[in-house]
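Just one chain is shown here, as C-alpha cells, and it is the form predicted alone.
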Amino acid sequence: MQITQEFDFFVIGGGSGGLAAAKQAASQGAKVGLADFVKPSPLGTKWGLGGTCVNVGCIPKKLMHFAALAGELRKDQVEAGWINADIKGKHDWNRMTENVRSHIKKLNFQYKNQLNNKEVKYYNKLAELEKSNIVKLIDKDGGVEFVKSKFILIAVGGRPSYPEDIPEIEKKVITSDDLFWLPNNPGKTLVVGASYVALECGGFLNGLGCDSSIMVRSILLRGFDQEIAGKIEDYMVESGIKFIKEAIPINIEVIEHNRRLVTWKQKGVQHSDTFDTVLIATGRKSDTSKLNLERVGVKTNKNGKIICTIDDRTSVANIYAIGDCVEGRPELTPTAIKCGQLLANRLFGGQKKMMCYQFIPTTVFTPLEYGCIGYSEEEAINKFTQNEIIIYHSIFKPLEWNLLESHYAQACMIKLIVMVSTRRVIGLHYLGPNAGEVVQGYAVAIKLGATKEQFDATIGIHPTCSEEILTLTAVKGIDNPQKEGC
C-alpha cells in the first residue's frame, strides 16, 4: 500500500457539513483533503459537488416552491386589479428546470473554487476506510490510491429509502434525487409519504399545474406540531391536492405509454389508479454502507447511522462524524454546517465550544409555509405535563388576503408554548406566508430565553403577519383563537 498524500484532516463527503468543516479547518492552518463522489440514483440521476441540499434538496426545492407561488399569484393579480393577468397560461417545466440547473451548476463551481482558495485538496473519488487513519480513494475508472490523515471526518449524509415488498420498485419510481432533474413535466403524480419532503414536493407540483395526490400511511409531519399539520392538510386540500389517507402501496406496474398502475390498500380495501409519475418520499437512510466502518471499528445502529458522542467523536478516537449520517442529529443543513465549523475549531483552533441542538428553527415549505422553533404541543405536554405549560394561540388572516377571495380566513395560525413557572417561551409555531423569514428573527429571542412578557413588551411592525406573534392573548382551552380587528 503506497500513501500518496498525508493530511491533518480528511473529510469524506462534500455536502454542506463536510465543506464547512474542511474550509474551517483549513482556515485554522490544517492540511485538509476532501473526497466527494456522487453515486447515481437507481434511475441514473447524478449531480456535482455540494451534497443533497444544493443539488437535490433545499435549493432546488425552494426555487420550485417559489415558481409555484408565482403561478398562484396570477389569480390574486386579477382580484388586486391587474387587467391583463393570464390565469390560464401553462407552466413551462423545461424553462424552470433549465434556470434551476444553471443556478446549481454555478454553486457547484463556486464550491470547487472555495476549496481551491482554502488550499483544500479535492478528490472527485469514492472514499472508504482502509484503516483508522488511512482512506482508500477509487476514481470513476477503478483506479485506487491511499491517503493518510491524523483525523478523519465522515459527512456522507443520506439517500432516499424505498418501501419494501414491491418488486423492482427502484426502476418504477422517482425520488427527490430525481425530481429536480427531470427533463419533462412529471404530469399526474402520486407522492408516497407524509414527511416534509412529501408535502413540499406534492405542494409545488400542484402549484405548477400537475394533478397531485399524496398517499399517507398514518399521520402528516410526524415530530411536528399536529394541530398545525392538520391545518396544512386543510390548506393543501383547499388548493386542489388529493390525500389518500391510511393507505400503503402494494404494487406498481409499468403499463402502456410508460404510465404507472398503482395498487394500494386503504383500511383493508384494495384500490388502484394510473399515474404518469410515482414519487417516493418515505424517508432517508444513512449513506454509510460502503465505507467499511465495521472493519475499522466505527459503531453504527441497525439503520446505518453512526453513533457519536456529544463532541462528534465515533467509537474510533480519531474518526468523527457529523450531519444526517449520525444517530440522533437533526437532518438539517444549517446544523451540519455549524457542527462542522465547531468541530474544526476544537481540533485545530484550540476552542471548546460544542454544538447545541436546542431551539433550532426550521421551516416546511408547503404551499402555506410552516415555521417552528422548540417544542411542539405534544412534546411539551409529554415532557412537562399539561399543568406546567400554557399555550397562547391565534387564527389570523394576513391583511393582503382581504383583497382576495382565493384564500380562506381560517388558514393561518400562531402558537406560543410558555412555561408557567418561568414564563419562558419554549415553542413557537407559525403557519402563514413567508414563514422562514418570520421565524428566523424570533429564533434569537427564544435561544436567549425570552419570556412571554418580553414578547408582549416588544412593539410589532404594523401591518405585518409577524406582529401577530407579539400580540397573543388567547389561551388554548379557554379563549377563542380567532383574531378580531386589524
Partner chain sequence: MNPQYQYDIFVIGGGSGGLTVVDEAQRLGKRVGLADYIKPSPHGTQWGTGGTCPNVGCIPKKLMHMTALIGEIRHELTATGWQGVDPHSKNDWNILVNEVQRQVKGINKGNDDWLIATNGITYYNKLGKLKDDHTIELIDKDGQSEFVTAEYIVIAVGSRPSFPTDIPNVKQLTITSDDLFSLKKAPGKTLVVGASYVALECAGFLTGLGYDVTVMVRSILLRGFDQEMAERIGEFMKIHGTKFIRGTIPSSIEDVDGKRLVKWVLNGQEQSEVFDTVLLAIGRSADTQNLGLEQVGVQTNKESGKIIANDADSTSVPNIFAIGDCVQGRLELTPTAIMCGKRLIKRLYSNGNQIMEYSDVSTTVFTPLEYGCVGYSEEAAIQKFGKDNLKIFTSEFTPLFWNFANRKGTCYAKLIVKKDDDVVIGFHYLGPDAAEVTQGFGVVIKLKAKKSDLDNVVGIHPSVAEELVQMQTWK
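Numbering follows the first chain given and starts at 1. These numbers come from a predicted model, not from an experiment.
The discussion below concerns the form predicted together with the partner chain, not included here.
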| property | result |
| --- | --- |
| Option from 165-173, 376-384, 124-132, 359-367 whose residues, in the predicted complex, bring a heavy atom within 4.5 Å of the partner chain | 359-367 |
| Position in contact with the partner chain when the complex is considered in the predicted complex, options Lys267, Lys106, Lys299, Lys352, heavy atoms within 4.5 Å | Lys106 |
| The partner chain: the contacting residue among Met419, Ala443, Leu43, Val38 in the predicted complex [heavy atom, 4.5 Å] | Ala443 |
| His91, Pro334 and Ala457 all contacting the partner chain in the predicted complex, non-hydrogen atom within 4.5 Å | yes |
| Contact of Glu400 with the partner chain in the predicted complex (heavy atom, 4.5 Å) | yes |
| Distance check, Leu208 to the partner chain in the predicted complex, heavy atom within 4.5 Å | yes |
| Exercise: Asn434 in contact with the partner chain in the predicted complex, heavy atom 4.5 Å | yes |
| 4.5 angstroms heavy atom contact with the partner chain in the predicted complex for Ala80 | yes |
| In the predicted complex: members of 458-480 within 4.5 Å of the partner chain, any heavy atom | Thr458, Ile459, Gly460, Ile461, His462, Pro463, Thr464, Cys465, Ser466, Glu467, Leu470 |
